[in-house]
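Here we start with a single chain on its own, the form predicted on its own, put down as structure tokens.
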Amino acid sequence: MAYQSLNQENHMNGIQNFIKNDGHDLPDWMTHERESAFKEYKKVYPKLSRTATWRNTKLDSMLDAFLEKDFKNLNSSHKDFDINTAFEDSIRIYFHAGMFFCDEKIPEYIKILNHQYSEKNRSIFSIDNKSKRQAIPLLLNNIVSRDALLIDTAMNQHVQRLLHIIHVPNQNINVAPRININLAENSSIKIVEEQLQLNDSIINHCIDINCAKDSSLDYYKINHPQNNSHLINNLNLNQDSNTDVKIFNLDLGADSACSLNHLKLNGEDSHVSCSTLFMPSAKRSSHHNVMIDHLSDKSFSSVNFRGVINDHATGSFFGKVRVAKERRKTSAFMQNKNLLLSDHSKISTVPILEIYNDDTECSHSATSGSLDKEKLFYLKTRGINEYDAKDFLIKSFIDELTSQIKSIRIKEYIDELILSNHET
């Protein structure tokens, strides 16, 4: 749906008033960044909001509610919330009401800005080399964001403790977390980022990841089911030579949930694996967009997205892998499989390969359908009742993806969330 001109004008005026009247004491350069972001936002919004990226989402609904949410900075403590975590020995960073905080002395490789911005941090808000399809949420993040989490490993540093980033529940709030991860040469880290349940809120999340040569990253993102909330996740990844990045995302849906991933393989022998399980139910949605650019010889990518759509929920997948003519000995695999559990559930899938040379191994596949009736009949002939037979087939479909998770405790935690969501 096109955003009506009157609503659009009110929306733009509201953002301009927010920038002008925001009560926080921000440095001049940051105010200038906000104004520059707003100027660019006004320019690109009319065109980009009508592209296929946003066609299946409720972008207009989110923007209507954008300025109705609370932007206040509330003092928070994790003790104010009942947070059940399976990772007690991890380093826990909390995000609430627009701010990051921690309940222990954080290591040197982690920094929380907490308004202590200096002009050297200006690059955090740069949108250079970002995909145009990400411009709307990136620019809105620049306008709203008040804090950033910076993770910078040292050369040859291999972090043993798991880093657990927990987004604490909010009510009727608009927040824009910003995370920058920079892995130095021959370093490694494992991160679990978890978005707990929101109520009537908007979260517009941006994460930038840069991996120097010989580094490795395991990154898990878990989105609990959201209530009447909008959730946008932007992820930008740049990999140098001989790097290994594994990304796993569990998304249980929101009133409008959208993930935008742009993965760039800039060095030889760079490997990326991006897997997502999305399971919206009720009237929730879950939309996913991934673009991979093979910008070097001998680079390897694997994309595996699976949707389990129930009730009146909707989902979509758009994936594009690009390999330029001059790039040799690349390998790319992209797969999207979807299981529709209701006559009212809907899915849209568009996998694309742009390959301009023969010295490559690339493939893609996409399937959508209901439970296999022949398999269901076979299980019933073996004395299994229909409910258990359906449950077995659904779990088998999911396990094909989650079995790729190497960490036992992370897999067990994700399996518990999937089970509880499936039972409800």
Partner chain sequence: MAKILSIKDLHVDVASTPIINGLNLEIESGETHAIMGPNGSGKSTLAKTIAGHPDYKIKSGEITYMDHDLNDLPIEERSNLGVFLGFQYPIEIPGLSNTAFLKAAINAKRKYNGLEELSASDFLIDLKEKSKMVEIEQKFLSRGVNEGFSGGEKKRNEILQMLMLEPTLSILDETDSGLDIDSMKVVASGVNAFRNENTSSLIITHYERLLNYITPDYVHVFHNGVIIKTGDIQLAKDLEKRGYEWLTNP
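Numbering follows the first chain given and starts at 1. Predicted model only: the values in this text are computed from it and were never measured.
Missing here is the form predicted together with the partner chain; even so, the following discussion is about that form.
Participant: Would E400 count as touching the partner chain in the model of the complex under a 4.5 Å heavy atom rule?
Facilitator: Yes, E400 lies within 4.5 Å of the partner chain in the model of the complex.
Participant: Would K43 show up as a contact with the partner chain in the model of the complex if we use heavy atoms at 4.5 Å?
Facilitator: No, no contact at 4.5 Å.
Participant: Hey, in the model of the complex, does I355 get a heavy atom within 4.5 angstroms of the partner chain?
Facilitator: Result no; I355 lies far from the partner chain in the model of the complex.
Participant: Residue-level question: is S365 within 4.5 Å of the partner chain in the model of the complex, judged on heavy atoms?
Facilitator: Close contact is absent here: in the model of the complex, S365 is far from the partner chain, nothing within 4.5 Å, heavy atoms only.
Participant: Identify, from the list L26, A65, L371, L379, the residue with a heavy atom within 4.5 Å of the partner chain in the model of the complex.
Facilitator: Partner contact (heavy atom, 4.5 Å) among the options: L379.
Participant: Quick one: which of 389-397, 26-34, 356-364, 43-51 gets within 4.5 Å of the partner chain in the model of the complex, going by heavy atoms?
Facilitator: Only one stretch passes the 4.5 Å heavy-atom test: 389-397.
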